[in-house]
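Single chain ahead, written as structure tokens, the form predicted on its own.
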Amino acid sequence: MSLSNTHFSYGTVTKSFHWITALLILSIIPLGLVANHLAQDIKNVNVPTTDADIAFAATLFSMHKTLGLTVFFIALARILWTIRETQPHPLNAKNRLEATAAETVHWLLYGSLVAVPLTGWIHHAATTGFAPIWWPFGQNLPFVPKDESVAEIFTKIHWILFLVMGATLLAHIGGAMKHFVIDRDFTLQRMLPGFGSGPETDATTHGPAPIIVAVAVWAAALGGGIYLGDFDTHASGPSAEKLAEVQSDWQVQDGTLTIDVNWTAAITFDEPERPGPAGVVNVTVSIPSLTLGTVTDQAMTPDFFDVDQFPTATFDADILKTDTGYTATGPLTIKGKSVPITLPFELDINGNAAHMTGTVEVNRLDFNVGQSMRDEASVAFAIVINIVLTATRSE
């Protein structure tokens, strides 16, 4: 059998692309549906779940994402191969309506095999989760920020495009069965391994109608989602009371701790002339305000942050000026476990305004976070905390 297509048959490469993709899709869909069902059960306080359920759901999501990216790259390769290849003449060319519908379905399938995994990838890159992609190239995408609104929007786009793809797959399979059972032509057989060329047919002209209809279907699906309010974004994390205001020589005006969370800091600081003690800082973080995308509710469970027992985390540190910058050294307390850490940071003071940046890495296992996940297949041990804040000196 030839590797390339002819006007009357598909070659080995095209058939391989087709059936590998079909096998992957038939694996990805149930993986995603089961994982999503488990995630909903975990979020539902009325459904009893265990830490093993959380770990199993994370594993299923990682499998789903990894296979989804595999489909994405195979689809790109398949499209490039299709562009350069001869396409067999359709066997139903005389039925223009049916031929146009079949070609529209093919456009929808090709587009979906790229758009569905790509939107899922963007969602993954925009959030911080417990289900990494199993590959060595990192979890982020260029130009995709860590933003819960972006993650939520692309979750919904991913779901809508998945529904379009599912309907298209059913139409594709139904059309193949019609050709095999009712028309009794060679349409299905020429895509099966081991079958040779089909009957010779005349060439047909492919107009723009199929791709126009495909684009209209995607636009209608996304437009329907907007009309129904599916793209209204909101914070996905649990609600939390605002932390009490603190008395401080320096008042934090704005800042981040890598993640979206409510926190306060009481800071006493006086710039020393030479290296030595410079002040103290007391930071309190509201754990229930933490948002981690689709895994926020899982993060609140006893195996992770156990928010019912430990609603806050604290960092009480002495500030020291060094020869090269500053450090804050003291116990970081999460989930009732205190671990001494040293946070090196840079500080720029201009009058009564100060800007600070710092980075520190901690191990989640030191705080009994995610004890059921004793390897890094689903959740990394190292957690990098990036801190950026601007503060003003109190009058």
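Not measured: the values here are computed from a predicted model. Residue numbers here begin at 1 and follow the sequence given.
If you look for the form predicted together with a small molecule, you will not find it shown, but the lines that follow are about it.
Of the residues Leu332, Leu347, Leu343, Ile28, just one reaches the small molecule in the predicted complex with a heavy atom at 4.5 Å or closer; this is Ile28. None of Leu170, Val280, Ile212, Leu188 but one reaches within 4.5 angstroms of the small molecule in the predicted complex through a heavy atom, and that residue is Leu188.
Only one of 324-332, 46-54, 357-365, 59-67 places residue heavy atoms within 4.5 angstroms of the small molecule in the predicted complex, namely 59-67. Shown alone here, Val339 lies farther than 4.5 Å from the small molecule in the predicted complex, counting heavy atoms only. At least one heavy atom of Asn36 is located within 4.5 Å of the small molecule in the predicted complex. The shortest heavy atom separation between Met177 and the small molecule in the predicted complex is within 4.5 Å. Though the partner is left out of this view, Met165 does reach within 4.5 Å of the small molecule in the predicted complex, counting heavy atoms only.
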